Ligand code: NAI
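Single chain ahead, by itself, as structure tokens, in the form predicted alone.
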């Protein structure tokens, strides 16, 4: 049996659709159902035998920290099989020449559909009435129930999910407004707001779709909740730290807000079977779901394919299109010889130094592809000699020895 071209450790029940791309690339898959803490992740990666490159695939529960990156120098790539990447030290990975891919598009439809369903459930108080039926109570009344047609949905964060939610909401006859710190082109009849306060005051439903950053943590606190329309509802399928859940519980208990639909929390269990604790438990006005916004078979299959294909493409050809932390370099397959991929510090003179080494080797170059961003650059060099030619290995070693090189591979 031939040695694998690389190993990948897949955690947190990543969909089987990811396996095909790895198998085609000769990557040996190691899988575990749960997330791992920092120490356990280091041990798991270190236990994989051989010297072939390592990759790791995670979702939201596993964190790849700078300590992990330092402890596992064989780690070449990280796949976030989800939208968010705040569980990964992006700058730390970039500084060490480790590429990070995620899936910014694959589960957008699933999250948007869940939000539409919950908007309707909130408007009709379905969960409250369902719980009453389970208790043997018959709450047949139109009081407090509304159609969503004609109501205003305020979307905070008009990215991939927010914009798709916008389209679906308009199809139901809703008015859509949105607020984003970046200028975005409105879809359909959606209208941009000049401030978060403007959106909160005008919305019957406020849906949050923002990343976890220093700007968004705690952005919906008691003061912001007080600025929402009386009787409005809040939905959060972004990150748990965005909303002050204590303030939200108070607003729900006092009746200032009609309802809430929450899918993410400041503290979440590591996996099934662990206890879920939240101040929102027991509040009949709140729909609570266990971080399932993107948890559909379709979304997970799409994510598995998207990220695994990106990782396999990087491993095989050095392509970084879709990378979260490195410059975007694309290059057609080169069948006339071999390829060297070099990730380096973005400093003056680095390309000249590499070209001097290549020139001194006497090897004919078929093409180069270069891109830079911030402190790092990615260079692909196609060579007109076979991969098993000793000169190819010597050239790779010589480029790797340059003080500016972070990661150099012979492909």
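Just so you know, these numbers come straight off a predicted model, no measurement behind them. Residue numbers count along the first chain shown, from 1.
Missing here is the form predicted together with the named molecule; even so, the following discussion is about that form.
Only one of 180, 224, 244, 306 lies close to the named molecule in the predicted complex, with a heavy atom inside 4.5 Å, and it is 180. When the named molecule is considered in the predicted complex, only one residue from 271, 211, 144, 266 comes within 4.5 Å through any heavy atom, namely 211. Within 4.5 Å of any heavy atom of the named molecule in the predicted complex lies no heavy atom of residue 96. Looking at residue 111, you'd find a heavy atom of it within 4.5 angstroms of the named molecule in the predicted complex. With a 4.5 Å cutoff on heavy atoms, residue 291 counts as touching the named molecule in the predicted complex. The named molecule in the predicted complex is approached by residue 219, whose closest heavy atom lies within 4.5 angstroms of it. Residues of just one listed stretch (86-94, 168-176, 150-158, 199-207) have heavy atoms within 4.5 Å of the named molecule in the predicted complex: 150-158. Taking a 4.5 Å heavy atom cutoff to the named molecule in the predicted complex, none of the residues in 23-56 make contact.
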